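As C-alpha cells, one chain now follows by itself in the form predicted alone.
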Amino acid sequence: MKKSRLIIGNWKSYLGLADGIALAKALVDHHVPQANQIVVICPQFPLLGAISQVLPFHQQTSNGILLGSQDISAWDAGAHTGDVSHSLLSDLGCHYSIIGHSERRQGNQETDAMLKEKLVMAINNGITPIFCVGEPLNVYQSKQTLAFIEAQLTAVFSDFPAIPDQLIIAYEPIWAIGSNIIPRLSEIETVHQHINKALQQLFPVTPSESIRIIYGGSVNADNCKSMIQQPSVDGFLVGRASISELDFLSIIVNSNKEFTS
C-alpha cells in the first residue's frame, strides 16, 4: 500500500503579514500537486486567517496545499487567555497541528502531560497531530537516542486506547535544527524504524500504514533527495527552508520519488 509523502513547512515566527501572504500566493501559483504527496504550511497563529483565504478551495484536497498550525490549545474554547482553540483552528481550515516541537518543549516548558492533553484535543476534534520527538546533542553523543525517543513516545501514548488515524511522528534531532548538519542516513533510518517498532508495541493491532514518520532538522533541497530514498522516511518537517519559495518548492519536487510502503 502506498503512503502519501508529507512535506510540511513550519514557518516558525519568521514571516510578517505581507511576506506570509506573498509566499502563500507564490506557492499556490507555482506548486504542481503530485499523486501521493501532501504539502502543508504552518504559519504563525495571526497569519492563519489571511493564509486560509489564499489557499483556493480546489487545493483543499490530499494533493494540494493544506493549512496547519504550529500548536493547539489543550483546552476547549473558553477562558484561556493566549491560547488558540481547536474550534477556531478548524474554522480557519487547519487540517494539521504541530505538537511538542523542541522549541516549545524548551522555551515554553511544555511537559509530557501537557502534550498528551494537546494530542487528545487534536485527535478528538479531527485535527491530525504532527508529534515531534528528538534528542539533544549530549544524548546523541552518548548513543542513547533510541531509548530517549522511546521514552518520549511512551510518556504520551502509553495509555491511549487506540492509535489515532493518520498519526504523524516527526523525528527532529534537536542538535540538527538550524545547524546545517544532519545525522547519517543509516542513523535516520534506524531511528525511524525504532519509532515504528515502539508504536507497534504500544498499539499492536494498528496497521503500520496509519503511522507516518517524517524527518526534520536542516532539511534542504539537496539532502532531501537521499533521505526520501530511505524506506522509513515518509516525508519532511521543513523549518527555515520553508520560508523561501524556491527552497521549499525545490524540496517538494526533489522529494517526489516513487516508493511503496
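Fair warning: this is a prediction, and the values are worked out from it, not measured in the lab. Numbers follow the displayed sequence, beginning with 1.
Form predicted in complex with a small molecule: not shown, discussed below.
> Only one of 149, 163, 176, 127 comes within 4.5 Å of the small molecule in the predicted bound form by heavy atoms, so just point that one out.
It is 176.
> Quick one: from 110, 71, 103, 189, grab the residue that has a heavy atom within 4.5 Å of the small molecule in the predicted bound form.
None of the others qualify; the residue that does is 103.
> Just to confirm the contact call: exactly one of 194 to 202, 211 to 219, 34 to 42, 227 to 235 touches the small molecule in the predicted bound form at a 4.5 Å heavy atom cutoff, so which is it?
Partner-contacting stretch among the options: 211 to 219.
> Do residue 12 and the small molecule come within 4.5 Å of each other in the predicted bound form, heavy atoms counted?
Flag for residue 12 set to yes.
> Give a yes or no for residue 20: in the predicted bound form, does one of its heavy atoms lie within 4.5 Å of a heavy atom belonging to the small molecule?
No, no contact at 4.5 Å.
> Is there a non-hydrogen atom of residue 172 within 4.5 angstroms of a non-hydrogen atom of the small molecule in the predicted bound form?
Residue-level check for residue 172: yes, a contact with the small molecule.
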